[in-house]
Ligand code: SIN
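Here we start with a single chain on its own, the form predicted on its own, put down as structure tokens.
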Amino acid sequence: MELTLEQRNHFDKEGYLFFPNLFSQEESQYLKAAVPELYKRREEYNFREKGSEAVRTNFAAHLYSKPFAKLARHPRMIKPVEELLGERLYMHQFKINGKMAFEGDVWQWHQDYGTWLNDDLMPSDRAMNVAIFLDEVTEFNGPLLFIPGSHKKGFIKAKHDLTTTSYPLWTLDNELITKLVDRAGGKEGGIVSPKGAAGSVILFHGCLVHASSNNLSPFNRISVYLSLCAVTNHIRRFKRKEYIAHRDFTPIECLPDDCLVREYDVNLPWENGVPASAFQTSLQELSE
């Protein structure tokens, strides 16, 4: 999968790319079928919504679930980011976000690089997200909202919101969001929301300002997010637990393109249990 010049220019200007139906129904269903078993686990790596049993985020499934281990090595997820960054990648974070019917809560306005810098000491914004829809995403079930071009602002100082939802986030204030939306076009394109069928993919810059509203519909919205970082840009601090911010900076080796519909061997280091080290933190900075 090679990006066109038009796609590269769009990413540079707007901060994201949207690929409708990049994965087939068979491929996305293979992944979706593995989610219920993961979500029912009573484990620390499953963050649940406040006052609810609904899972908000499952972390690190690529280390203990074969379908997601294969997705983490899929060339359609990895190669476009390698092309844009011009470097091999490692997996900084892997999560399955569940915006569940009637219960999926908001994700406040934020930049992901804000968290990666503030919590993990990632040196620069040479990292980004690739998200695959496992359900159809519509205007009703809490789709992602982007402010186009907001990545051009670079890192924006944020506040640490520890109370709004069950997951702490470095968030941006309403006054700034209003200014960014106005600059991006106000009511005429100042906020965009890519929507589409299961199997569609969004790639977006680590500094792109984004959010999502709660899901009041009877339709789930489950998406998988790969946070991919250039290997030379690896994090310098282990403030967060390893199942959230990974410490293995080995470059990702892609599997063949048909890996979701054919059998391939993959390494599952946490298949028989998450090691105690994955729940530990350290504030000691890494040496270069």
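One-based numbering along the sequence shown. Keep in mind that this is a model prediction, so the values were computed, not measured.
One more form of this protein exists, namely the form predicted together with this ligand; it is left out here, but the text below deals with it.
**Student:** Let me know the one among H210, H74, H92, H151 whose heavy atoms come within 4.5 Å of this ligand in the model of the complex, would you?
**Tutor:** None of the others qualify; the residue that does is H210.
**Student:** This ligand isn't shown here, but in the model of the complex which of F219, F238, F249, Y225 has a heavy atom within 4.5 Å of it?
**Tutor:** Contact with this ligand in the model of the complex is made by Y225 alone.
**Student:** Could you tell me which of 77-85, 117-125, 172-180, 103-111 sits within 4.5 Å of this ligand in the model of the complex, going by non-hydrogen atoms?
**Tutor:** In short, 103-111.
**Student:** Mark N215 yes when one of its heavy atoms lies within 4.5 Å of a heavy atom of this ligand in the model of the complex, and no otherwise.
**Tutor:** Heavy-atom contact with this ligand at 4.5 Å: absent for N215.
**Student:** Although this ligand is absent from this view, report whether L134 comes within 4.5 Å of it in the model of the complex, heavy atoms only.
**Tutor:** Close contact is absent here: in the model of the complex, L134 is far from this ligand, nothing within 4.5 Å, heavy atoms only.
**Student:** Considering only heavy atoms, tell me if L144 and this ligand come within 4.5 Å of each other in the model of the complex.
**Tutor:** L144: yes, in contact with this ligand in the model of the complex.
**Student:** Using the arrangement in the model of the complex, list in sequence order the residues of 80-104 with any heavy atom within 4.5 angstroms of this ligand.
**Tutor:** Result: K95, N97, K99.
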